[in-house]
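Take a look at this single chain in structure tokens; it is the form predicted on its own.
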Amino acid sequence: MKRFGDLILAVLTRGAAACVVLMLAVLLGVLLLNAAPSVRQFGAKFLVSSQWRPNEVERPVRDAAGKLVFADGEVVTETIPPAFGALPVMYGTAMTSIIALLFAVPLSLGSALFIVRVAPGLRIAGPVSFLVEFLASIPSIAYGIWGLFVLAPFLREYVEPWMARVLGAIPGLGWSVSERIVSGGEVIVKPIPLTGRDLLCGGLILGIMILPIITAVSRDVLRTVPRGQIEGTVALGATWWQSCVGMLKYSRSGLFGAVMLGLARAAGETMAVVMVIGNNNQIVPSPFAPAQTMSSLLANEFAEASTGLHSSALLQVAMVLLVMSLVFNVVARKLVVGKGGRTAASA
């Protein structure tokens, strides 16, 4: 009877693990199957093209001199077929994630050091850890509403005008506050309107959202640093700050894994970003310009996809996002708890 129970438990646990792997494989398979028309038509150009045109467009034909072409007294037109490219949304995803990491990583590492090294002596480690982790339980729609009605107006009225004046006065950074527009064969340079709903706002919202997960994982990683390692640095004459730097160096692989987990969360966040990023499918290097991420594109257009090719292109974007998030999580898992984390930590 005991062996029968062990057999049942083994079958159930192996079956549960197999179901998880099977669900991931089915998800990837379904995405790949439905994205196949877009993959066949656009191929690798899908990842490097900046055009996103769901519908056919008619435009007048011009000759080599740029003049309109007439036939039978009427302007000759040509039909431009739909075209899809993921480069703008990949750029938006990358930029918002970078801004989020620049904001969240220093705060997260500082908070983790405070919880591990300072808070225990003050007996507030538990409450501080709870408050940090409580941020992770706030729904993303709440972050989005706060960003739309509080953060975006604050950036528009106070922060971005000051940043624009400072950056505009620095030689070589004019691109961050202005944009070039080609009109009638002429290049016009005009300042970027400061709306508050832009890459900067989207990145800051993501930074606040990923701060709890990076802090929590970094705290657990720092707690694994041997006490002898800390006391050894102090015995050699290190200051409190130098011993903290030693802790960060010792656990650098695990901390990098925590950052990768935060990056995976930032890349896949949807609702909060949709509400504050401006949702403009373009590539503009300025952080004050509206943009769009892969997840916000899916949220905005999937329900209104007018053609099969449009839906297929959106599913191809979803597949790219899924694979990217999967890679981030695998790397983070390897660094935090895998062999790579232990090896790097002991180096």
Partner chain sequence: MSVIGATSLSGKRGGESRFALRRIRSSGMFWACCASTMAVITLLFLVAGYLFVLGLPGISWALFTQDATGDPEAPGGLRHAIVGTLVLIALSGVVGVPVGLLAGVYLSEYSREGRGVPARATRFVSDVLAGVPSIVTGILGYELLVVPMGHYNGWAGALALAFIMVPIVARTTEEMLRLVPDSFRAGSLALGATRSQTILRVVAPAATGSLVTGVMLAIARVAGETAPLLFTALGNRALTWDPSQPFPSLTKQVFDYVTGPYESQKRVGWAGILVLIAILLVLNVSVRIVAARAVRSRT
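Numbering follows the first chain given and starts at 1. Rigid core here is just the name for the largest C-alpha set that superposes within 1.5 Å across the two forms. This structure is a prediction, so every number in the text was calculated from the model and none was measured.
The protein also exists as the form predicted in complex with its partner chain; that form is not presented, and the subsequent description refers to it.
- Put simply, of 163, 141, 87, 83 only one has a heavy atom within 4.5 Å of its partner chain in the predicted complex, and it is 141.
- Between its partner chain and the residues 101, 95, 177, 208, the one pair within 4.5 Å by heavy atoms in the predicted complex involves 208.
- Taking the partner from the other structure, its partner chain in the predicted complex has a heavy atom within 4.5 Å of a heavy atom of residue 275.
- Contact between residue 190 and its partner chain in the predicted complex is not found at the 4.5 Å heavy atom cutoff.
- Contact annotation: residue 168 falls outside 4.5 Å of its partner chain in the predicted complex, judged by heavy atom distances.
- Using a 4.5 angstroms threshold between heavy atoms, residue 61 stays clear of its partner chain in the predicted complex.
- Judged against its partner chain in the predicted complex with a 4.5 angstroms heavy atom cut-off, the residues 118, 298 and 329 are in contact without exception.
- Heavy atoms within 4.5 Å of its partner chain in the predicted complex belong, among the stretches 87-95, 147-155, 169-177, 249-257, to residues of 147-155.
- Residues 302, 303, 315, 318, 321, 322, 325, 326, 329, 330, 333 are the members of 302-334 with a non-hydrogen atom no more than 4.5 angstroms from its partner chain in the predicted complex.
- Relative to the superposed core, residue 327 undergoes a Cα shift smaller than 2 Å between the shown form and the other one.
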